[in-house]
Structure formats: structure tokens, C-alpha cells
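Here you get one chain, nothing else, as C-alpha cells; it is the form predicted on its own.
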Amino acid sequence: MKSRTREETLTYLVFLVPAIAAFTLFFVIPFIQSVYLSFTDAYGYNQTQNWIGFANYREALTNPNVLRSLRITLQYTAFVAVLANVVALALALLLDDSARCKKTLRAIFFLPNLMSMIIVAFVFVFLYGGVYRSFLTQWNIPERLAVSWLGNEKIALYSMGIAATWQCAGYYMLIYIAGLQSISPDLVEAAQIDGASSLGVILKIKLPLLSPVIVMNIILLITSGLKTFDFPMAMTSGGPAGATTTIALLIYNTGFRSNRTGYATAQSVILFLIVCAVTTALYVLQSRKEKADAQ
């Protein structure tokens, strides 16, 4: 028995060591190096780096531009997390069982997720620009009534969020469909026999049982939204007047345009801690809810 246990342990190690080595090489070591850089005055390709302690963090946490970018990022993340979840859940409920051509429709709604975010961004720039202007001209709508989707500070962020929702909703729809298919048909049938309407089945049976899936999708959308870079970079370059400058885009500008590598790395560490804090809080809340429901 002991020899068999040793053989099994060695087998597990053979499979684990390459993964652990790759994780250490491509994540742990770069992360440690980044944390170290955040405490230095590293500048571009300059080989000289001086230890400056928490100076970069103090500057980041008191810089109005950084704080504004964090607010914009949280605002964008909340908008996309809510809208994408609602759209994905609605599509999943519509295409769960009874819809005709459901496999074809699922594939159609999932297709945008296969496209690069940069391509989707350029498509929506074209839609918000040339196509929208052609529509106004075609219907003789006065120019004064036109909306500048990406040029208006108040709606540019939400216009970008609509593009992000179109791109990712199909992916989360499939996750919801998988969750719906795990629900026992007997529960639905029993509720229908008791006189529950279709809406009642959704509200009383499906949504409560989907709560872990909903939380998981919220966590995925929040972590993705907090790190968003492609859409603001391609659609607005952070404009107008910085209204769509997310923290990831600000980090890019700080590190690669201003060449303040140490300061940009400190901003990255702050973003990393925010993502960890938000996801941990959501996970803890869901765990407590599950324990309370079990009792």
C-alpha cells in the first residue's frame, strides 16, 4: 500500500510540477518584481533604480487624475456588470428549452464573444459615427437633435459600456443556460401543477437556484470591468476630456507614454488589491448566504 501511495504521489507531482513551474515563472516572479518596482523611481529603460518607499503609492492615492480614473472605472464596471447580466439572463431564459431554432440563436448571440475587443470597438465607432450620421440624414433629423455618442462627456462611458455588453453577453448567456439546465424539471413541473405562472416559476424557482451562477457571473464581469483597457483605448483614447480614462488606460499612459515605470507599477498594485478586495467580498457574501439558506 505504501509503495502504491508513493507511486500515486509521484504521478501527481509529475503532472503538477510543470504547471507550478509555469505559474511561478510567468506570474509569481513577475508579480514580485512588479511589487519591488513600485517602491522605486524606475523610469523607462533607465537601469538606475532608487528605493523611494511608499512615495509612489502616496502620489497615486492623492492624485486627482488617479482617483477620477478609479471612479470612472467603478462606474463603467457597475454599468456593464448590471446590463450584461440582465441581457445574458434574459437571453438564457428565452433560449432555455422551448424556443425554436434555439441552437442557432445561441450560436448567433455567442458570435460577438469570438471577436477581438479591438475589432468590436472599431465596429461601434463606425456605428456611432458614420452609420448614425447616415441615419439622421436619411430621416431628415435636424443636426441639433443629434447625439454625440462618443463625444459627449456624460454618455461616452455608457456608449462604450453598450459595446462591451454586446461583445460579452453571449458568453454569460451560455453560463446561465448551463445553470438552468442543471435545475431539475420535476421542480418546475411541481410548481406548474400548483398553479405557478411562467413568471412565478422564474421568480420562485429558477432565479433562487441560479443565485450561485449569478454571483459567479457578477464576479467575472466585475474583474473584467475593473481591468478594461481595449474599449477606451480603441474607441475614445480616454476622451472626451478624460471622461473614459479607466485606471488600466491611465496605467498604460503613465508607464509607456510618461515612462514613469515605478509610478505606473504602484498604480497596477493598487488596482490588483482593489480587484482582490471586491472579489473576496462578493465570495464571502455568497458563502454566508448559502450557509444561511442551508440552515
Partner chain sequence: MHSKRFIAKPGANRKGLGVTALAFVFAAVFLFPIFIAVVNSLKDKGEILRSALALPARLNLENYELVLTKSGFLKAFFGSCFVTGGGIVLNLAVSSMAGYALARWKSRWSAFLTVFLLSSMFVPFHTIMITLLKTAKALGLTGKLWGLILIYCGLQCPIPIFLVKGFVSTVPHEMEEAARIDGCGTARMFRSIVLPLLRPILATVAVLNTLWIWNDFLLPYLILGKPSTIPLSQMYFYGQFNQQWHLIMAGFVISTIPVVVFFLVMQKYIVQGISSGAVKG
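Here, rigid core means the biggest group of C-alpha atoms that superpose within 1.5 Å across both forms. Positions refer to the first chain, counted from 1. Keep in mind it's a predicted model, so treat the numbers as computed, not measured.
Keep in mind that the form predicted together with its partner chain is not shown, yet the notes after this line are about it.
* Asked: Is every one of L74, A146 and K291 in contact with its partner chain in the predicted complex, taking contact as a heavy atom within 4.5 Å?
  -> The answer is no: none of the three residues contacts the partner (heavy atom, 4.5 Å cut-off).
* Is F110 close enough to touch its partner chain in the predicted complex, meaning at least one heavy atom pair within 4.5 Å? -> Contact with its partner chain, yes.
* Close approach of S258 to its partner chain in the predicted complex, 4.5 Å, heavy atom -> Contact check for S258: no, nothing within 4.5 Å of its partner chain in the predicted complex.
* Asked: Is there any non-hydrogen atom of Q286 lying within 4.5 Å of its partner chain in the predicted complex?
  -> Answer no; every heavy atom of Q286 is more than 4.5 Å from its partner chain in the predicted complex.
* Asked: Could you tell me if Y45 has a non-hydrogen atom within 4.5 Å of its partner chain in the predicted complex?
  -> Output for Y45 is yes: heavy atoms within 4.5 Å of its partner chain.
* Taking its partner chain in the predicted complex as the reference, which of V82, I119, V215, I183 has a non-hydrogen atom within 4.5 Å? -> Contact check passes for I119.
* Residue among L209, I155, L187, V125 with a heavy atom within 4.5 Å of its partner chain in the predicted complex -> Here the answer is residue option V125.
* Which residues, if any, of 16-55 lie within 4.5 Å of its partner chain in the predicted complex when only heavy atoms count? -> Heavy-atom contacts to its partner chain in the predicted complex: L16, P18, A19, I20, A22, F23, L25, F26, F27, V28, P30, F31, Q33, S34, L37, Y45.
* Under a superposition restricted to the rigid core, does F26 display a Cα displacement of 2 angstroms or more between this form and the one not shown? -> Where the cores coincide, F26 still shows a C-alpha shift between this form and the one not shown that is 2 Å or more.
* Superposing on the rigid core, do we see a C-alpha displacement of 2 Å or more at L273 between this form and the one not shown? -> For L273, whose C-alpha is compared between this form and the one not shown after core superposition, the shift is less than 2 Å.
* Asked: Fitting the rigid core first, would the Cα of L16 be found 2 Å or more away between this form and the one not shown?
  -> After core superposition, the C-alpha of L16 moves 2 Å or more between this form and the one not shown.
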